[in-house]
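Take a look at this single chain, the form predicted on its own, given in structure tokens.
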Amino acid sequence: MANHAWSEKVLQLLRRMNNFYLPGSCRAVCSRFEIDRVQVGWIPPHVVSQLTRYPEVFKAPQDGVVSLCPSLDSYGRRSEAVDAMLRSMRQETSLRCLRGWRDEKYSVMPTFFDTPVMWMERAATSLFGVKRYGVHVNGYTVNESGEVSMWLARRSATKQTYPGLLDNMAAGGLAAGVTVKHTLVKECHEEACVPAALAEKARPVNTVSYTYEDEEGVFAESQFVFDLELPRDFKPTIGDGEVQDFCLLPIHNVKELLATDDFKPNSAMVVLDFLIRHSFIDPDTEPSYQELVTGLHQTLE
């Protein structure tokens, strides 16, 4: 693919994954979700109208702000009340995201190192635009000549999200109360059967952050990115069934695939970050270099 065409396709991906910041997004009409007067998310109008049915949980919207009732004044009370409400909504509404209920708890907090103010079911987080965090691992090899190849996973055709698309070797969301390092080792083992001793050699190298909107709500996400150089004779194998197969591809082939629709979008961003950090994309030859870098590192609001 010609360089200009490749650049434009990748820029389109970055714009889509950051469309919440673009003119015409729902951001202007979203309500701020606040707990203890601190913003923790963005709630789209169609969700705000649903929340008015639960006055025992949410105060009436005021001045563009939605907040919890004052009686819900602790981590436990907030979490339990919102979870009960969401389980009720799951039965009574047509909100598509709640059909993907996972029984996974995600922490709700203003920023990553703040003390969580509550937990929320993962499938519901987009309704409130709360920040979500995950871990992505670039598994790669270097041959005798110094040529780099990358291990990619093909997602299972039965996955709830992005079935059948290419993915990083291992990745997963950060559950409430679980550390980044623990998630890294767990996902490497469960998805790719990487032994813990090998997974622990992965190096934290960056974060990739973005916010997008779609019909399910607002997704404010940040991925902790790790690079793991694997032995040349190591082959990831299918673990928990979330992956249907693995392939090892030369890095130039991986780069070309980023400009197709064959990649899970946020995983494509993680691979793009790898290409930039390892100088497979050069500022002297890539006219959109700065736009590519900026698109990977948006501040979560």
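Computed from a predicted structure; not experimentally measured. Start at 1 with the first residue shown and count on from there.
Here the subject shifts to the form predicted in complex with a further copy of the same chain, a form of this protein not shown in this document.
Mapping the unseen interface onto this chain, Lys9 falls outside it, with no heavy atom inside 4.5 Å of a further copy of the same chain in the predicted bound form. Proximity of His278 to a further copy of the same chain in the predicted bound form: non-hydrogen atoms within 4.5 Å are present. For the chain shown alone, Gly76 is not a contact residue for a further copy of the same chain in the predicted bound form, no non-hydrogen atom being within 4.5 angstroms. Although the partner is absent here, Tyr133 sits close enough that one of its heavy atoms falls within 4.5 Å of a further copy of the same chain in the predicted bound form. Contact annotation: a further copy of the same chain lies within 4.5 Å of heavy atoms from the stretch 108-116 in the predicted bound form, the single such stretch among 82-90, 151-159, 189-197, 108-116. When contacts are defined as a non-hydrogen atom within 4.5 Å, all of Pro283, Ser288 and Thr299 contact a further copy of the same chain in the predicted bound form. Only one of the listed residues (Pro204, Pro163, Gly100, Gly177) places a non-hydrogen atom within 4.5 angstroms of a further copy of the same chain in the predicted bound form, and that residue is Pro204. Although a further copy of the same chain is not shown here, in the predicted bound form the stretch 209-224 places heavy atoms of Ser209, Ser222, Phe224 within 4.5 Å of it, in sequence order.
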